[in-house]
Ligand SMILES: Nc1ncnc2c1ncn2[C@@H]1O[C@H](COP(=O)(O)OP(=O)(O)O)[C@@H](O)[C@H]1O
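Here we start with a single chain on its own, the form predicted on its own, put down as structure tokens.
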């Protein structure tokens, strides 16, 4: 399978008064063509910063300090801001987590989407308007022609999320980064939005990168997944492999602490501790202070992800030693959670 994007040793730091926050500290993974890819991890793991870095819109005081993002044979990190402006929306787009912040409250939703279309296409205002109405209908906004003139506050939360998705798709991008598209939605609306995204992906022929903390969303939407923790990659593999035979203790901990993955449960596991301070991250493996399998070697070496099975990479230096116990713990936890 060909790669549509390759991310290599990407480092994005935030230079704050308190110190340098190493939000991304050397992450590498590939996005394959026609394969929905997931980025998953706790808050603060670097998921959103990854997308912002790819699009070249890291907010101050953040700065990309190293790495390469290869797209269509070129390194995006070497492009000027003017060159990236042409790519953003047209080739690579992002749908933000909170539509209330991505949609300007003082402009109608229709005009905001039309602006994107006119920036990337040589069309008249009327042609842009018709294109907006078509995409509003595609994301199932009822009475689209009338609602073109309405403001964000006149839409429900679920409808605003659909409008944010519509805006990100308006220029027909090749890749869409969907940042927590179902956050703050109830279960019924969440299912509708996920189904809608799958339909739009097929309709527009785009590649989709799902950014989420929810392993259930990953299971439903993605074929491959990269697990991030504290600005580092823990694991990248096909979704089936990750769910049935994870090769990193953090992934195993995630799988047994999220109810949406396990269906009917009686008890959840808890990952001890908290995500580390990224100004003063732990030595060696970032996860070792919370890991049940950690040894002295884990405190000394920062592991890179290496292939441990076909198409399956893990950044655990002890995976060969602990794999059997890791799978046994996962099985036991799932049995306990499903028992009375």
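Numbering follows the first chain given and starts at 1. Owing to the predicted nature of the structure, the values given are computational and were not obtained by experimental measurement.
If you look for the form predicted together with this ligand, you will not find it shown, but the lines that follow are about it.
Asks: Taking 27, 233 and 283 as the candidate spot, are all three within 4.5 angstroms of this ligand in the model of the complex by heavy atoms?
Replies: The answer is no; none of 27, 233 and 283 reaches this ligand.
Asks: Counting non-hydrogen atoms within 4.5 angstroms of this ligand in the model of the complex, say which of 67, 303, 44, 56 makes the cut.
Replies: Residue within 4.5 Å of the partner: 44.
Asks: Work out which of the listed stretches, 283 to 291, 30 to 38, 303 to 311, 44 to 52, brings a heavy atom within 4.5 angstroms of this ligand in the model of the complex.
Replies: Result of the contact check: 44 to 52.
Asks: Heavy atoms within 4.5 Å of this ligand in the model of the complex: does residue 61 have any?
Replies: Answer yes; at least one heavy atom of residue 61 falls within 4.5 Å of this ligand in the model of the complex.
Asks: At the 4.5 Å heavy atom threshold, is residue 21 in contact with this ligand in the model of the complex?
Replies: Yes.
Asks: Check whether residue 327 has any heavy atom within 4.5 Å of a heavy atom of this ligand in the model of the complex, and answer yes or no.
Replies: Answer no; every heavy atom of residue 327 is more than 4.5 Å from this ligand in the model of the complex.
Asks: How about residue 16 - does it come within 4.5 Å of this ligand in the model of the complex, if we only consider non-hydrogen atoms?
Replies: Because a heavy atom of residue 16 falls inside 4.5 Å of this ligand in the model of the complex, the answer is yes.
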